[in-house]
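Two forms of the same protein chain are encoded below as structure tokens; each is given separately, as structure 1 and structure 2.
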Structure 1
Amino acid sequence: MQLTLDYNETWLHRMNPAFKLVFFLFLFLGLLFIHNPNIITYVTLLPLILVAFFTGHKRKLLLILMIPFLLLFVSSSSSMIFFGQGTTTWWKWGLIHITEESFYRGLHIGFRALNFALLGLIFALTTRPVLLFYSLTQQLKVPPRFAYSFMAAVRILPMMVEEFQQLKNALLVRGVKKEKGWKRITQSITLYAVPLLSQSIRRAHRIAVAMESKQFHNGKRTYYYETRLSKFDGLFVLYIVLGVVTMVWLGLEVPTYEITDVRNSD
């Protein structure tokens, strides 16, 4: 079973995966220190542009993937907007209390969560798992036994999905009837969980024996794929640096909201 998507390779795909991973982690940390809702609103444009034009995937797929992110934005911001605290009341009804302060805090949290989601989507859509693990061993010096173990686990996931589908079809052909109520839970564990778990344990044991025989536990190795830093990594850093500087300037000089710091909005 192959879970692959058709896409056109862009410069984001040619970045070094380990560098991309580390740089994205720094971006995640950087977002935590942005407390100006004007700035974080403008900053959201940076990953949004990359997702829309440089991930190489079809627009229809990207629109489908954006649906849960929009729901994440609404859910994360609405909880603060409806139930946050503040002194300038806009609307109150029962437990719902919308204030000016809670509204801007909610928007800030929503845009922060949206930025996290967009960056994660960029990484997922533009990074091949095989090259990621090769890059981890070559650039970050992760021991091969750990990197290859994770890579094997990723490869096993589609096999488990296919086995589940085969088991489901086999039970359907045999006419196994589903129980009702609490008995259905124990029946599902017996019919699905136990066979899949036992098969996974046998497969994991075979992989461990194969890795041991290939001497994954010691010594230097040669690699079929060699990953290096390239001009595309520098291009991404340049895009982020110039983009952040521009968005910070816009947030300060062309603010969308009156508030400039959600920490001091009481």
Structure 2
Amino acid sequence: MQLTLDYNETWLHRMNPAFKLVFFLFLFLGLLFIHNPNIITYVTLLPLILVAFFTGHKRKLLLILMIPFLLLFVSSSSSMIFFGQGTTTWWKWGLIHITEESFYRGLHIGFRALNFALLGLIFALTTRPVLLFYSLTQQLKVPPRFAYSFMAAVRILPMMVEEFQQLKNALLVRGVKKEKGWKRITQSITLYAVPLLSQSIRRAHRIAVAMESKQFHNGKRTYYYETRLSKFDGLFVLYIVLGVVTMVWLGLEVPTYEITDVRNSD
């Protein structure tokens, strides 16, 4: 979600946001049908190239954003590697049982998670929320009530961040003693969540009334931003299709691992 980030617009920004969303969802489902670890390793290159060269953001920012991905890779794969079922035992120690099958299955899950993460990052870095919601109402016929509520709600968030800062200062001045253990949780509810949420609920209510007072309705409307499909959407499809074909071919012809299907064959 870019509010004030500095970036150059690229062809990924010019894609139709709703099309981008739907196409990404298909890619997501498609990834679930890849069970060959060789293929998914190669496929990961496709979103990686896009993130690195075509999101229009500074490299430094991209690197910072990708740090959690490493942790994600480890955490997604580790339980399967240590505790997954398999027949070719590599190592066994207490409850930990690493087999060849479980190892590659874990690796596969890690790469899968990485792919989702990269695709999500591409979407977030190249889509302006306002255009996404305009596009959702125009291309996917999402009722304006939902789409415009989203846009209004996004506007409230920065105000909440500011209020959070004020709240923190106010509590510092008040000299609130920090409770211990379970009480700490209930304390943070009353001190932070309640003021911020109640303030936002009241604000949201007022904004909704204001929107209705401006004759907002679900009927026929025109659009300030007209969102259409363009050649950039075609370009993206072409990139993915050619890319996937190449990577699948590489995965089959130039495999890096011995296993070709990570599903448990029992």
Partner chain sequence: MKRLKLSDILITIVIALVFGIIYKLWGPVYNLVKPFGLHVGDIVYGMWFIAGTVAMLILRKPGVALLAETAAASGEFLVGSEYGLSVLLYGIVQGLGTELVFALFRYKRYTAFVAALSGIAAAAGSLIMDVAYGYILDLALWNLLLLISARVLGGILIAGIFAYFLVEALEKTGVTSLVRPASHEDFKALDK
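Here, a residue number simply tells you its place in the sequence of structure 1, counted from 1. Rigid core here is just the name for the largest C-alpha set that superposes within 1.5 Å across the two forms. These numbers come from a predicted model, not from an experiment.
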query	finding
Label of the structure corresponding to the form predicted in complex with the partner chain	2
Post core alignment: Leu172 C-alpha displaced by 2 Å or more between the two structures	yes
